[in-house]
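Read the single chain below, which is given as C-alpha cells and is the form predicted on its own.
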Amino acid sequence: MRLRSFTAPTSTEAMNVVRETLGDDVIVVATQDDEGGGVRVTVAIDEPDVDPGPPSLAMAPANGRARGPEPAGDIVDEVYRNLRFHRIPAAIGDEVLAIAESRRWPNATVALGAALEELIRFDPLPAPGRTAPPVMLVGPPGAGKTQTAAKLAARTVMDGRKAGLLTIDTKRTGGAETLAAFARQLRIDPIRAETPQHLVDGLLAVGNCDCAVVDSAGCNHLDIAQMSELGRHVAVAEIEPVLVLPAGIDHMEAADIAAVFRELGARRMIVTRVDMSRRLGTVLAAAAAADLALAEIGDTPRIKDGLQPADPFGLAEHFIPTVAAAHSQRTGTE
C-alpha cells in the first residue's frame, strides 16, 4: 500500500476529489485540518506487495541535511516508502506515520527524525570520565563486540585519556588474541579474566582509567547455561552490560535477542554493521521490543572514529540517504 493526501476547503469536497482521482477502493487513514486552510484527507492505496528497491536518490538533496520544503503528501509518501524498504515492523511504522502526518515538516528526514525522537530512547555512552561505571559488551556471536571494545578504547585514547581493556572471552580460540591485536595499536595491555573473581581483580587494576571496557564471548541467547555464566560475570561488580547487535538480521530475531539481554540487565544497545546493511528495521525492532536506548552506531570498520553517538536525526539519515551520503559510500570519501 502507499499513501496519498488531498486538500480541499471541506472534508466532503476532499473526499469527492479522492473518489474522482482514485475511485472508491481506498482506505481513509487520516482527516485533519490543514495549516494552510481547508481539510487534508490521507488515504491508503492498494499496490502489489513487491520490494520497492532502495530509496530514490533523485529525491534527496546534494547538500546533506539542508533540504528544502516538500509538499506534505510527498513527505508522508517518502517516509512510508522508506519504512517499507527497511522492513520496519508494522506497529512501529504506524506510529511513525501518525507523527509524520501530525504537522507540516520541512522534509521527510526531519519528519522521521522527529518520530524517532518521540518513539525511541537515545542515550549515548558518557564521555570518558571516572564517574561512569565500566561497561561490558554482550551479545550474540559475530556481532562485533571485540571491534566495538577497541573503538571505545580508541575514542578515549584519542581524547588524551586513559583506557582499560579487559576480556572474559578466554575459552574461544583466538578470542583474547583478537582483542590483544587491537590493543597493541593503542598501546594498551588488555587483562584476561578467566573467572568472575579475576574480573573483579582486573577492574580494580584499571580503576584509575577514564574508561574501562570488558569484552565478552558471543553468547547464544537460547542457551541457558551460556546466559547464566555471562550473568555471573555481570553480577560480581558494578558494571553495565551493553548489548551489541548487528544491523541487517531478521527483525523478529533481533527483538527476541534484545528481550533476553534486557533480562540480563542491558539498558542500552550499540548497533554495528550499519554500513554493511541496506535494511535497518532491526534497529527499531530491537530497541522497541526491549525498551533499549540506542547508544552508539557503528557505521565504519575503522577503529578510529568508528562509533557515532546515536541521535534521532542522525539515524533518520541512515534510513533516508542523501546524495552526499551515497557519494561518500561509493567513493570512500568523508
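One-based numbering along the sequence shown. Source: prediction; values computed, not measured.
The protein also exists as the form predicted in complex with a small molecule; that form is not presented, and the subsequent description refers to it.
A.B. asks: Among Glu253, Arg268 and Gly281, does every residue place a heavy atom within 4.5 Å of the small molecule in the predicted complex?
C.D. replies: Per the other structure, none of Glu253, Arg268 and Gly281 touch the small molecule.
A.B. asks: Since only the chain is shown here, I'm wondering whether Asn107 would be in contact with the small molecule in the predicted complex (any heavy atom pair within 4.5 Å).
C.D. replies: Contact check for Asn107: no, nothing within 4.5 Å of the small molecule in the predicted complex.
A.B. asks: Does Pro134 make contact with the small molecule in the predicted complex, using a 4.5 Å heavy atom cut-off?
C.D. replies: Contact with the small molecule, no.
A.B. asks: Can you tell me if Gln308 lies within 4.5 angstroms of the small molecule in the predicted complex, counting non-hydrogen atoms only?
C.D. replies: Outside the cut-off, so no.
A.B. asks: Can any non-hydrogen atom of Gly38 be found within 4.5 angstroms of the small molecule in the predicted complex?
C.D. replies: Outside the cut-off, so no.
A.B. asks: Out of 116-124, 200-208, 143-151, 254-262, where are the residues with a heavy atom within 4.5 Å of the small molecule in the predicted complex?
C.D. replies: Heavy-atom contact with the partner occurs in 143-151.
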